[in-house]
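Below are two forms of the same protein chain, given as structure tokens: structure 1, then structure 2.
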Structure 1
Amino acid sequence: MKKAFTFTLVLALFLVALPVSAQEEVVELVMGSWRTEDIEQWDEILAAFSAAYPNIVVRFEPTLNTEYDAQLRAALEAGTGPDLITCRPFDLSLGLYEAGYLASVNDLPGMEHFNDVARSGWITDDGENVYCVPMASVIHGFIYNADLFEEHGWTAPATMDEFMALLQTILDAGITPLAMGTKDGWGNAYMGFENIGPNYWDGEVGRQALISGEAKLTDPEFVAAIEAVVAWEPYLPDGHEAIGYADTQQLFPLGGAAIFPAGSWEIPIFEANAMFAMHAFKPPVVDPDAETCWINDHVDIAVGMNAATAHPEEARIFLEWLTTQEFAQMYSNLQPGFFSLSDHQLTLENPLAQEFLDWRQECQGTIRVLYQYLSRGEVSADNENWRIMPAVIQGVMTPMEAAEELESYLWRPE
């Protein structure tokens, strides 16, 4: 009896002396994603998470972006798939939720840090259920060659009139003003129409009116936004019809144009290749006396939980951590140009990324106008805008004809 008691006592003392991680089972979670380029950044992020939660190990296992959606759906239909699912915005992820593959995160602590615009990419049509934790957005604006501006005494424009005058001044100096081609229409749609458009249609006000049917794309404010992009044509590179997006990504860093109509995701690409200092200016307002300015702060990426995961408690712990200041700060610093969608105040190490982020303090945010609901028709209005915007810039159709065709594709909730 005495030997048995002694053995039990020693065993108990040994277990008490063990670190918590050795006493408790280590749970491994797999996180799927389409961003293979983010492996290094996620290694650092997940190391920070494991330091706080040593009994949960998250492995980042991305798939090629062109294969992610199909492979994820097939895995989920087979009853497998990653425990944590990186969520694209709007209908693709909504379809996964409606099929029962994504769990609701309505009651997840920390979700109060995300406003309605931040949640818009991952919420059911009735507004009742959020199914992914919003993680990051990208912001539209203009990146410019700061050395060139300083050399010539040019200043960043605040209004559309100033912007157009600046483009002419740059052209008169023998320099290509805008690094944009019309071969790949998605750039014209997003860095043109969706970039400056919100200041024409009053951002969220106009977007919601378009969804409800109170407004149409043929209304003056939407047509005016198309006309404004068409007015850029004389300031594009010569032969812009044959110039694609990848071409402009090389043209600008090499000093071939003064301004790049941009998404903030360009920041690390340009900083790795540019031969000059860069700054950014936000989309100019139309009315100099406007009380509100708008930026396209587009919801881009989120993370949800596989409803069939064998480890829902641990997955929720990870998702809750994604709502914290610690994660928001780390992610936004490691991914310059991708900005946390939470309401935490951030200070970024990258000065150019901080310039974009500061616009949130000056302006209100909205998202790409054709993304939510409106492109659910048999013909996607958003996809067709990739064809229509270059056509209208090239003079193949008028701005009103473009608006009429786009309006005919819109799907609206009943």
Structure 2
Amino acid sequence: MKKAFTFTLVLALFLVALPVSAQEEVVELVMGSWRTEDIEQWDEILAAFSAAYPNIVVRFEPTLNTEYDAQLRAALEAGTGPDLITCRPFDLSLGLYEAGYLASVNDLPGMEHFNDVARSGWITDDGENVYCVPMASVIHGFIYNADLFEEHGWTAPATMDEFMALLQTILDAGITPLAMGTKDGWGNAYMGFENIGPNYWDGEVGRQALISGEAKLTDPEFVAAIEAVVAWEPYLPDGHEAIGYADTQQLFPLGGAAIFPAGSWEIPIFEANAMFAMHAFKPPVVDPDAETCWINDHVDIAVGMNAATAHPEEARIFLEWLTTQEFAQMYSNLQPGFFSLSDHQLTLENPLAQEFLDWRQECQGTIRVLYQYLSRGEVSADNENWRIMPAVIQGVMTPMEAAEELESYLWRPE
């Protein structure tokens, strides 16, 4: 190797390395998240926080949804996790807490604004320790291209029969009915199965029966829910096997499909990109005469603190700020589609988000069926569903086989 070349390289190394090691006066906290879509909103929220606390800067560092948990875990094991951790509900965060990676927030001032339901996703089994500050729930449903519906005279369906008929009508009009791929699979599990499923298994009734062992996933009500999702296959985009969730998030706002099986968290992304008006309809009921309808109103997101953070005081200041009215109001409006879990009185500016929220008056709420307890097995049933659901849709296995396999992974409390 030429000496001059080596010298230049070494020089370059020092030049580049120097500013990195230089000390900064302001404390910088990194916030990990799977919400890659929310970069701009969080930048605004965090700017408001820094305005109130000028000596703390929080940097929002999201990871791709499908890779977040593995990467976070790897980072925490290596001692390099972010200072602030966006918490998934139930066991995944519980696991982090039990492994000592999340600090308890029991004595955090402001926690009194969250009731037991709000805390349920981030509390130890014995109810003793809360380890994340609850932020929001999300509601599942369907967002549709209202301009397109109006143009063709289509109306939002109320029952599954109407829904399936509508899909065929849309397809006959030469338009892709549903913006959903089957590559990642978690969209099929959550926006397919867990979205329309509660009306099949009677929401909380079916969920509790499954946990207690009175019901099995191979029972007709659960298999029927799987079959209902599989029936969507002809209405998915061409080549859906290699279309990922992020692809459909791009496809729908560009006008590439009529209906997006959604979670309410899509609202801000679509409103930023779509050139058309949007409305939403709730999961259609199976039986038109059913007394209750169910919606999946899932405790979804919270924020905790890395127990090994180098700046615990600053991190706690930030968490405390998350319990305030100021944050709840700002968050709900900047993140339409995430519905605050606090008891502060809020007004929603976003009409589409209000549509979702209104369903809470019409229907009863339940959460994702496989989340609590059931996915605690060595192999997580919920996680397997990310693979199994696309496989059933693609015809690799039958709905019954899928139900049998999922059932085999279930963990039930004693």
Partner chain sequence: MEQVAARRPRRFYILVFVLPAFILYSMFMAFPLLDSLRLSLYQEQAGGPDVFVGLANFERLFNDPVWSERFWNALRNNFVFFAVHMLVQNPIALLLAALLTTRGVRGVALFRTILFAPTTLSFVIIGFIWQLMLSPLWGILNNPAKTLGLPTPLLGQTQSALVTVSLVSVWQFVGLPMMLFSAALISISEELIDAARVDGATGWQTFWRVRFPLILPTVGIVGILTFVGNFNAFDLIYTMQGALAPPNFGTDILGTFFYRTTFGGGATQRPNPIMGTTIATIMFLIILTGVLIYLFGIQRRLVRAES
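C-alpha atoms forming the largest set that superposes within 1.5 Å between two forms make up the rigid core. Residue indices: 1-based, along structure 1. The model shown is predicted, which means the values in this text are computed figures rather than measured ones.
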The chain seen in the form predicted alone is the one numbered 1
The rigid-body motion between structure 1 and structure 2 pivots at a hinge, and of V299, M389, C87, I267 that hinge residue is V299
Two rigid parts, one fixed on its C-alpha atoms; the other rotates between structure 1 and structure 2 by a number of degrees, namely 31
Cα of A51, core superposed, displaced between structure 1 and structure 2 by (Å) 12.4
